[in-house]
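As structure tokens, one chain now follows by itself in the form predicted alone.
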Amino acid sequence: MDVRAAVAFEAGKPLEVTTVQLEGPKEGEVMVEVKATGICHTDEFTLSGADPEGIFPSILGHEGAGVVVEVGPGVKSLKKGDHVIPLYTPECRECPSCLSQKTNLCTAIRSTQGQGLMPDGTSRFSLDGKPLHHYMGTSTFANFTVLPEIAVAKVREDAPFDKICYIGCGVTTGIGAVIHTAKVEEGATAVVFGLGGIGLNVIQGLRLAGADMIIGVDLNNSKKEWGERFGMTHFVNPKEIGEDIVPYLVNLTKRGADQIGGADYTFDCTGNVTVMRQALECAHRGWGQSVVIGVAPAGAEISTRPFQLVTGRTWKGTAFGGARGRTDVPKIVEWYMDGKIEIDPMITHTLSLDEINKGFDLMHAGESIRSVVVY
């Protein structure tokens, strides 16, 4: 069938909106009509050419929401008409990783997904008879896409597509890093580096968890109002404090009888390896946890003195906020619908598919938290 898609033909070039062909679902697959999709920094990272695993030509997009319109043979958990969120991190519930209950990093389709292909090693998208690659197993920059059943989360039908699409990546990554990865407890102190879309979701995850002191760190003073809106209690601009950020934050987090200072939890949402080190080193000695969320440039490495770890700090990483997609994403949709978390204020721009490149321009200019394309 013919579908409309924004195609990334080569790195560093704008997406081209055109008509492509989509083959129907095969064994264990479903076709989804995508109703809305967010434009994420990870899409930009790949489009820029900085992603060493980027493959072209491809249909990007991994933050979507839509409706199942067709199911392939063998599909048991989904039916036509179900409202769903595509998952770039699947949950098969059968591979060693899923069965371990220690990670959300399902390995069932990892190899083919990384090659831009469906699990059988082929693509469902084509243009003029030539295959186009899938992206992150989702390809939500098309108004219809085909996904493996294990890479689709069924959600409640009254949730608005143009808001819950953001749960497909940014919301879950930020809130999940707090709830699932760090397991932040009530009364904790925390520092969040980088107050973009992910950082703001970390902040509201911390508020949800009951953290007492939530410090936001950003070079842009306009982010102060945004952070406070989602639960931040203190704002720090490193350019304005007149000293190194680490001792400043350690001093700021001294409370009561604890004169050592340091945050119980810190989160890097910048992808900057220097900031990752600062985040670790302002964590509390003995028990501080620092969680790396931001995507660093290809080949970048992190470093610190081993003494920082020997004295009890823990460095952690998280992907998709440690969330198990089919299990946890529907719960986050419930939190949104129940008013426990906010999404609407973060959707700063709504665009048509023909305007999709404007979404990337807004991102580069720092004018958007999240742009959403509505089909």
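Since the model is a prediction, treat every value here as computed from it, not as a measurement. Just count from 1 along the sequence shown to find any residue number.
The form predicted in complex with nicotinamide-adenine-dinucleotide exists for this protein as well; it is not shown, and the discussion that follows is about that form.
Just one of 151, 184, 84, 198 comes within 4.5 Å of nicotinamide-adenine-dinucleotide in the predicted complex, counting any heavy atom, and that one is 198.
Interface residue among 97, 112, 220, 251 relative to nicotinamide-adenine-dinucleotide in the predicted complex, by the heavy atom within 4.5 Å criterion: 220. With the partner omitted here, the stretch from 202-210, 224-232, 300-308, 263-271 that lies within 4.5 Å of nicotinamide-adenine-dinucleotide by heavy atoms in the predicted complex is 263-271. Put simply, residue 363 is close to nicotinamide-adenine-dinucleotide in the predicted complex: some heavy atom of it is within 4.5 Å. Taking non-hydrogen atoms only, residue 42 approaches nicotinamide-adenine-dinucleotide to within 4.5 angstroms in the predicted complex. Under a 4.5 angstroms non-hydrogen atom cutoff, nicotinamide-adenine-dinucleotide in the predicted complex lacks residue 215 among its neighbouring residues. With a 4.5 Å cutoff on heavy atoms, residue 173 counts as touching nicotinamide-adenine-dinucleotide in the predicted complex. If you check nicotinamide-adenine-dinucleotide in the predicted complex, you find a heavy atom from every one of 275, 294 and 370 within 4.5 Å.
Scanning 86-106 for heavy atoms within 4.5 Å of nicotinamide-adenine-dinucleotide in the predicted complex gives just one residue, 88.
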